[in-house]
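A single chain, nothing else alongside it, follows as structure tokens in the form predicted on its own.
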Amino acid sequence: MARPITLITGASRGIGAATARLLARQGHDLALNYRHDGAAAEVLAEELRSLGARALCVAADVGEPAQVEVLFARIDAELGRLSGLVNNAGVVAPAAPVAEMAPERIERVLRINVLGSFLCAQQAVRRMSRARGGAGGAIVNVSSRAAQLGAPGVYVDYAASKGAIDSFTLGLAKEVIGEGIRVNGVRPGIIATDIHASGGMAGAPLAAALAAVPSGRIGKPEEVAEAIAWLLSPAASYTVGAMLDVAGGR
């Protein structure tokens, strides 16, 4: 059987990198998208190749339509027809109340987190859809528990962007399931990645947030990767439009 070909956006670190490692072990070939850290992406690609996977690194800002088109064209040319997409790329900005957020900050968060997911899903559907000559596939959107908690005083813009991803996941899932494409999402909680520092959630703020986690600990990227891999797999064949919380009960 042909190996699945899966694109992971924002794959050079954190949840994206953990998902790539797990999928490589499960027999996927991977396209690794990154925006800046090409060196980290190439190190990861070499690790995946040692596991028997083909791995292609492609730089692209997912919030820029022309760059997304080039990203998918390279996958077509160098790996083949896509069967899976993990919309993982996302950004946060330093903690701030809404009244102090610059318009440029809000636009950047929404452009990458929301528009980027739309653009990548759009390109993936064009390739996967049985109505367009594809063989079907699966899309997993990475949201956040912040979508339901709001992140007041920290990053309401990020929380709002992830709320949009929740709605997008549900709507797209219903729109394309008849074309052989399953769409689902995961909502990570507080996970051990460097996104917390960039969002002002290191140190005391992080400790305070962890106090509200019933499981009493921070999550691991590998735990989110397991949920993503399951949603991509045939084992989740009857799971459509679902949002799976991976948040320790928070």
Ligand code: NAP
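Remember, it's a predicted structure, so these values are computed and weren't measured experimentally. The numbering used is simple: start at 1 and walk along the sequence shown.
What comes next is about the form predicted in complex with the ligand, which does not appear here.
Though the ligand is absent from this view, in the predicted complex it lies within 4.5 Å of a heavy atom of just one residue from 172, 159, 110, 91, which is 91. Annotated contacts: 21, 57 and 222 are all free of the ligand in the predicted complex [non-hydrogen atom within 4.5 angstroms]. The candidate stretches are 98 to 106, 141 to 149, 122 to 130, 174 to 182, and the one lying within 4.5 Å of the ligand in the predicted complex by heavy atoms is 141 to 149. Under a 4.5 angstroms non-hydrogen atom cutoff, the ligand in the predicted complex lacks residue 45 among its neighbouring residues. Contact check for residue 217: no non-hydrogen atom falls within 4.5 Å of the ligand in the predicted complex. With a 4.5 Å cutoff on heavy atoms, residue 37 counts as touching the ligand in the predicted complex.
The closest heavy atom approach of residue 190 to the ligand in the predicted complex falls within 4.5 Å.
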